[in-house]
Every structure is written in C-alpha cells, then in structure tokens.
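The chain that follows stands alone, in the form predicted on its own, written as structure tokens.
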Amino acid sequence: MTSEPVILSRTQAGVRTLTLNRPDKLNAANDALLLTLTGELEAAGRDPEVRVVVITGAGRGFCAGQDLGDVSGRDMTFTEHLNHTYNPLIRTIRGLDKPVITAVNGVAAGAGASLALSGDIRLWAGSASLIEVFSNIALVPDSGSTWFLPRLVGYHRAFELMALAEKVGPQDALRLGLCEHVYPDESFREEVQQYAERLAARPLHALGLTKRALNAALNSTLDQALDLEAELQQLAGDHWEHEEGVTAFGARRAPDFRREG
C-alpha cells in the first residue's frame, strides 16, 4: 500500500502550491516533511513555469511545529537537527528569487509559527492562529522566530509572546503586522489562489531583485542599502520587463510580464 506524500504539489496559472500533508497530526513536521518541502521549493525556484509559491497545510492545521515523537530517543543534538532540517528550509524560502506566500489555514505553532512568518506575503484564514509555544517545554524559539517576530512587533511584544506562549488570532495578527490579509475559512483557498495569480502577473525578475534588496536592507546601513539599490536597479533596467513596462505605460495598456523577452 502506497503511503500519502508528505508534501502535495500543484501548479495552476504560474502558482505552485505546496501543501503540508500530515493532517492527522495538524501537519506537525518530521524530517521527511521538512526535507521534502525544501526540495520542492528548490525545484520551484528552477522551474520557469512557476512564478509564485504558496505554502499551506492540509486539513485543520497549518503546522503544529515539530513532531516530538519523530525525534524522541534520536541520537542527534538539537543543533544538528536544526541545521539538518529547519534552517535550510527557512534559508531556502528567504533566498528564493520568487515570491513565497504562506497561507495559514489553521494553527501555526512552534517552528510552524516560524514557517508562517517566513513568507514574503502571509495570508490567514479566519480560523488561523499563531503561538510561540517553545517556552511551554522550556525551549528557545528557533527556525527564525527570534529574527522574524521582533522585526514585526518589536522586541518587547515579541518577548512577551514567546515568554507567555500567548495565542494570536487573526484580528490581532492583522493589527500586529503578522499577516497581510484574513479571509473567511469557506473561501480561503480560492482567495489565496486569486491573490497568488495577481502576484504571478507582476514582473518576476524585478520582484526577485526587490526581495533581495529587502532581505539585505534588514541588516545593512543606509549607505549599504543605497549602493545595493543602485546595483540592482541597473539589473532591473537592463531586463526586458522594464522595456515592456515602459512600452505598456506609453501605450496605455496593461503590461504583459509573462512573455519571454
């Protein structure tokens, strides 16, 4: 009997949707899920048909964090485990030169919260929630949470959320800047697809450069950001997308950024 794949992959209108597929465990992560997701993201980055990647969960949960049963009794340190699984995944998401949407359809806990925060765009369902659950088992937030969360909500609020393991619902997530939009559960997947297709119609090369600039600016001085902007602007200006955008503007028509050259 063939077991269900831990990651489901579907491509529609330039949007590659990667679905965490352990719904009976609220998509708690094991090694197979994490390594497969990283591989699927890398493949999406290489595929010229893919313009936007969506990460979401099957069933009622987005990702309930680490499947503790999967690591119980394993002869591997915490550091080794993170460097083997979660850290390469988060680096792949942030380094991908295509937009990544995290579509949070249910609970995002622990490392699942880190995954939810890692997207370039975060879309939530009405039943979604986020909880930095690490302190409940006397661990430190990992998989990028200590980097993402304080940049979104500030040090003090981030510390409180981590120290008290407080659950954040959709409206508070919107207020705090943890997501960009919240959609009703019953139309969530359709809304995510429509949003992703809108994004897929935008200039892919320019958005990849924009993502690179923003990532760098988070850890750079103003002078460094200005220098990188100038460098990347030249790369954008030399690309056919720029010519198409200018031509379309002059012709008073919508630009076609999906054509090649």
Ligand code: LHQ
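Just count from 1 along the sequence shown to find any residue number. Keep in mind that this is a model prediction, so the values were computed, not measured.
Here the subject shifts to the form predicted in complex with the named molecule, a form of this protein not shown in this document.
Check your understanding: in the predicted complex, does each residue in the set K25, G69 and V133 place a non-hydrogen atom within 4.5 angstroms of the named molecule?
Key -> Affirmative, all three are within 4.5 Å.
Exercise for review: Classify G65 as contacting or not contacting the named molecule in the predicted complex by the rule of any non-hydrogen atom within 4.5 angstroms, answering yes or no.
Suggested key: The answer is yes: G65 has a heavy atom within 4.5 Å of the named molecule.
Practice item. Verify the contact flag for Y155: yes if a non-hydrogen atom of it lies within 4.5 Å of a non-hydrogen atom of the named molecule in the predicted complex, no if not. Key: Answer no; every heavy atom of Y155 is more than 4.5 Å from the named molecule in the predicted complex.
**Study point:** Residue contact check: D120 to the named molecule in the predicted complex, 4.5 Å heavy atom
**Key:** Outside the cut-off, so no.
Practice item. With heavy atoms only and a cut-off of 4.5 Å, decide whether Y183 touches the named molecule in the predicted complex. Key: No, Y183 is distant from the partner.
Check your understanding: Hey, of 92-100, 155-163, 168-176, 79-87, which bit sits against the named molecule in the predicted complex at 4.5 Å between non-hydrogen atoms?
Key -> So the stretch in question is 79-87.
**Study point:** The single option of R202, R212, H205, R60 touching the named molecule in the predicted complex, heavy atom within 4.5 Å
**Key:** Only one listed residue qualifies here, and that residue is R60.
Check your understanding: Pick from A116, V107, L149, A125: which residue has any heavy atom within 4.5 angstroms of the named molecule in the predicted complex?
Key -> Looking at A116, V107, L149, A125 one by one, just V107 meets the 4.5 Å heavy-atom criterion.
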